[in-house]
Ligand code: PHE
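What follows is a single chain, given as structure tokens, in the form predicted on its own.
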């Protein structure tokens, strides 16, 4: 059984699964809670859609943007292992704080979650890479397994947390998200014996020597590749993260959610992308494997460009939904489902590829910091997503959905047109496949 993965992967799998349960549970109900009227059986904060989407934008930007200081904290002070623990504690505290009534506790809870995700997210992903030695053929499949854990949590959270929030009370839902993170912390602490040599802080003397040692030409080339990929990541998540903001509110107001006289809770549709990831993850991986065997192009930058174009095409279905809704009837559910399907195919071409790519190409002394930059790019994309969604309150949903499609198509095509030049700029670093 020499091809078995390290036991530490199981520990990180379940830790991340529960952290994503906590994160995506809260994300599924955030704009719904903000826009819910202040009166009635289950009152919210009564914000306008524009204000709710603006806060969503800043939350998504900051929650991943804090990955930069989170990565630096791990690289220079605590190490990845301890920083993940600190992050988990902060996230749990933040979710439980949201369960306490009051606008002050609401903002305090958001601040704690933002800080916690910034500490945990880049470092736990880097630790997955640290389970494998350089050149270990199991690394990519290890990240696929890890990514499945992310999406199991992302699938279960909107169903459980969303149902509790919409049917029983928002405070109970925030509390449930907090309990999810506590379970993740319990798994992480229990599994420390399987993570003994992973995520440790570099000794101060070695760190000082490392800091003064300049990057080699090969390392500089690889950093260039990563910086190019981060730009692609920003554009991708600006489109993809419409799911938790604009598309979430659009589903509530203009999609026909009734099946056999039963109205599906809005938050449940946040589980659809994760379900597609679990179903299609192996299919997409097998597709790239077949292309590789045939000797066809399957470099990371190529996959990312294709992923953006596929994701953008999903917004054609949302444009169709908007056209139908403008006739005075609610749009068919199939438009939403097909949009999410294409978004996920695009995601599978980009997101797990990028995670593995960074752990391969990042210089060792900047491993967590580069992962932090990746998630900061994700956060910048989330910020842009919220701002684009906010634009729909003025320009109209059809115009915004169509605009996203056009932008993604043009951006992806430009990447493919200049692909050879971009690949040449890497001086061979991009030959490391993902």
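If you're wondering where the values come from, they're calculated on a predicted model, not measured in any experiment. Positions refer to the first chain, counted from 1.
In what follows, reference is made to the form predicted together with phenylalanine, a form of this protein that is not presented.
Participant: With phenylalanine left out here, work out from 29 to 37, 43 to 51, 397 to 405, 372 to 380 which stretch has heavy atoms within 4.5 Å of it in the model of the complex.
Facilitator: Checking each option against the 4.5 Å cut-off leaves 372 to 380.
Participant: Phenylalanine isn't shown here, but in the model of the complex which of 237, 276, 335, 269 has a heavy atom within 4.5 Å of it?
Facilitator: Going through each option in turn, the one that passes is 237.
Participant: Phenylalanine isn't shown here, but in the model of the complex which of 250, 155, 147, 170 has a heavy atom within 4.5 Å of it?
Facilitator: Selected option: 147.
Participant: Do residue 56 and phenylalanine come within 4.5 Å of each other in the model of the complex, heavy atoms counted?
Facilitator: It does not: once phenylalanine is placed as it appears in the model of the complex, residue 56 has no heavy atom within 4.5 Å of it.
Participant: Is residue 121 a contact residue for phenylalanine in the model of the complex, using a 4.5 Å heavy atom cut-off?
Facilitator: Yes, residue 121 lies within 4.5 Å of phenylalanine in the model of the complex.
Participant: Residue 347: heavy atom within 4.5 Å of phenylalanine in the model of the complex?
Facilitator: Yes, contact at 4.5 Å.
Participant: Does phenylalanine come within 4.5 Å of any heavy atom of residue 24 in the model of the complex?
Facilitator: Contact with phenylalanine, yes.
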